[in-house]
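Both blocks below hold the same protein chain, though in two forms, and each is given as structure tokens: structure 1 and structure 2.
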Structure 1
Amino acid sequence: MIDLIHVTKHFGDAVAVDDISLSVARGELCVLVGTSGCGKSTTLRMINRLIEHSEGEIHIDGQQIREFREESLRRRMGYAIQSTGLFPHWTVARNIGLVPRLLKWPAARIQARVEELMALLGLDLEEFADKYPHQLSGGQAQRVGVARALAADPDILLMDEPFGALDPLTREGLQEELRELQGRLEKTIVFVTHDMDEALRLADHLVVMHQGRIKQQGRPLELLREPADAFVESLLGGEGRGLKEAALLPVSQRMLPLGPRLLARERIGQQASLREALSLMLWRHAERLTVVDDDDLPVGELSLRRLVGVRSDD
């Protein structure tokens, strides 16, 4: 869907992005992560030509982006940023309908799309349609920003630190909503963050950048288990990588079938993470947990030995 081929960006004598190559498959959520100034936001903005690349090629669906008119290219891509970019003197409904209006959609179609997206993102039409951005919480405003980015039904969604200014609880909730949304809509998403926990939680394809270069890319578990060098290892959490890996693995991967022993008192859902299971064991001083399904019916058990990867409980 998106291909960057030996792309470089100069700002005067400074090199912001240095000879990077990257492919993002259709329907994939690709996360660019790294320290401040590593080139991740510049890379994102080159994809929709908010910043022009200096060298190399960028392709969308096999076509070079410079073959598109800038305006038409950007309208094919949703764009969501940390500050939301909402027009303060426009209502929520009008903000969401911005791009469809620019594309001259009929009024009835715009209204239907606005209503559809507000429902999709949990914004009650009667409560929020006529509100202004200053009347919204941070999480609500960010939902409106995402709705606006999706309004013209683009194939590609570009997101630059969209949850960076939010409190941890709101941020975690929106991360979960984004994953669910992507599963339903199958958009190709390029997401920039400096938060490694956010990157690991969201990414299908994780790209670690440093000083304008790509240090390593691949599946999150691949990077956690085999970091390319000391920088990547440190960014991924150093000796804390085990806990980050545990946060990515569901209990169902390590649980055993129910045995003849009495059920453990403490319960955990099969889709909970191994990190959550470990936390519960530590908090409740428990060496075993009963694993339950969505109906709270026991389906297995998880021991501490099994959780940490010991294959036998003998």
Structure 2
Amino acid sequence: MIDLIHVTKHFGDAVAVDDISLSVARGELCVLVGTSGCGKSTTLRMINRLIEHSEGEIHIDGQQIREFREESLRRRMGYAIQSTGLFPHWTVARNIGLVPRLLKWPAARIQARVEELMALLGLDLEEFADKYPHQLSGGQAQRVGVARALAADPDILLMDEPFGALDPLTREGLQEELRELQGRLEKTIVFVTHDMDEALRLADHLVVMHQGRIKQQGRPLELLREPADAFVESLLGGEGRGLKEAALLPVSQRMLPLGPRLLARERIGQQASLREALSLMLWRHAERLTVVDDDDLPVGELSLRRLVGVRSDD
């Protein structure tokens, strides 16, 4: 869907992005991480031509992006940035309806779409539709920014730290929303973040950048287990990687079928992560947990030994 082939960007003598190659498949969520100034935003902006790449080729659906009209290229890609860039003289509703209006949708359809998106992002229509951006909190503004990016239902989304100003709860809610959306609607997303937990939770395809180059890319678990070098290892959390990996694995993967023994008192859902299971064990001083399904019926058990990955139980 999106292919970057040996792409380089110079600003004068400085090289911001240095010979990167990257393919994002349709329906894939690709997350770029790396130290500040490593070229993540530049990479993103080259895809919608806010910045023209100096060398190499960028393709969308197999077609070079330079063959598209700049405006039409951008209108089919949602773009959300940390500083939101909401128009201060427009209401929330008008801001969200920007791209549909550019695409000349009929007014009634725009209105319906705006209402739908505000509901999706948890913005009360009555309360927010007629507010101006300066009347919003940072988090509300970011949600409006995301809604605006989604408005014309683009098949590609480019997001540059879109959840940066949100509290952990709202942030997790939106991350889930984004995953769900992307799974359901087959969106292809390139997402930049500084938050490694966010990156690991969201990514199908994780790209670690450093000084304009791609250090390593692949599935999050691959990178956690086999970091290419010390930089990737430390960026992914160094010694903390065990917990980060545990956060990605569901309890169902390590649990054992119910045995003859008495059920353990503490229960955990089978969709919960191993990290949550470990936390519960630490908190309750329990070595065993009963795993339950969505209806709270026991389906298995998880011991500390199994959880940490010791093969034979007892």
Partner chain sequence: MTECRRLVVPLCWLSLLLAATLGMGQLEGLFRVIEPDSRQVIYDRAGFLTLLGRHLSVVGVAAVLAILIGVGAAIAVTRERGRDFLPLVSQLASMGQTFPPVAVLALAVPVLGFGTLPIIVALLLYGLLPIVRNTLAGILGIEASVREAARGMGMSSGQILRQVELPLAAPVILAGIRTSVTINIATAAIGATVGASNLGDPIISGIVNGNTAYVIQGALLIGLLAISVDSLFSRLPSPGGR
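FYI, numbering is relative to structure 1, first residue = 1. The term rigid core refers to the most C-alpha atoms you can superpose between the two forms while keeping them within 1.5 Å. Since we're looking at a predicted model, the values are computed, not measured.
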Quick check: structure 1 or structure 2 for the form predicted on its own?
1
Where the C-alphas switch from fitting one rigid part better to fitting the other, that's the hinge; pick which of R74, E198, T170, R213 sits there, comparing between structure 1 and structure 2.
R74
Turn of the lesser rigid segment against the greater one between structure 1 and structure 2, rounded to whole degrees
10
Could you state, for a rigid core superposition, the Cα shift of R143 between structure 1 and structure 2 in Å?
3.0
Cα shift between structure 1 and structure 2 at L125, which is computed once both forms share a superposed rigid core (Å)
4.0
